[in-house]
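Shown next as structure tokens: one chain only, the form predicted on its own.
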């Protein structure tokens, strides 16, 4: 199929993008990497009146570390994460999850922020942002605002972003030397969206597990005073708490079993 007709605007500044979104609202879509938007346009799942291209807006393609956070601009490619200095030390969860994000070819074009905006509950980057207590920086004609990742994702492909807003950047905190991270994923094939993914974090706030591919949003659960011998009961409670459903990829029972297995493995790793 071919996309329905739309007007194309190549934005030169952040203000241009905000102006277009302020004028057209829900009838406009932002184009960066296009890995999600272009198929949706071609299948006519999305029929905007206007597509605003932000790939030529200065500074939106950058990544920088500032104030103990990695700032990722709206046009920064997923594969660019691999070039972040000391990625495995400063952002170990991103380092572990990166090879699971699509394929190399899609990571070269796909953007980090585009995956966050698309808000697929099986995608790895939304899960990592929630697990790491990251934040989203939104821009609109009304100004800028910052939203915690846990508050940003509202449902399957549904976020806290208003019709006249776009994500200008995302913020991933730098790991402290004492923090521990672990990531596991199961998919039908390598590069597919996860059937279930799990990330465990042990930091100065406690121990957390974030699960993707089950609920409509990445689900984050804190465990107080967890010891290794408690893991079996803890992950069973977690699996029972999730809104596990069957679909063409996996049954609800299989998903619950994968949650127990992956959460158990990641918790053992961060507690070891």
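Quick caveat, the model's predicted, so the values are computed rather than measured. Positions refer to the first chain, counted from 1.
In what follows, reference is made to the form predicted in complex with a small molecule, a form of this protein that is not presented.
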If we take heavy atoms and a 4.5 Å cut-off, which stretch out of 198-206, 184-192, 142-150, 86-94 is in contact with the small molecule in the model of the complex?
-> 184-192
Any non-hydrogen atom of residue 31 within 4.5 angstroms of the small molecule in the model of the complex = yes
Check whether residue 100 has any heavy atom within 4.5 Å of a heavy atom of the small molecule in the model of the complex, and answer yes or no.
-> yes
With a 4.5 Å heavy atom cut-off, would you call residue 134 a contact of the small molecule in the model of the complex?
-> no
At the 4.5 Å heavy atom threshold, is residue 36 in contact with the small molecule in the model of the complex?
-> yes
All of 115, 118 and 123 within 4.5 Å of the small molecule in the model of the complex, heavy atom check | yes
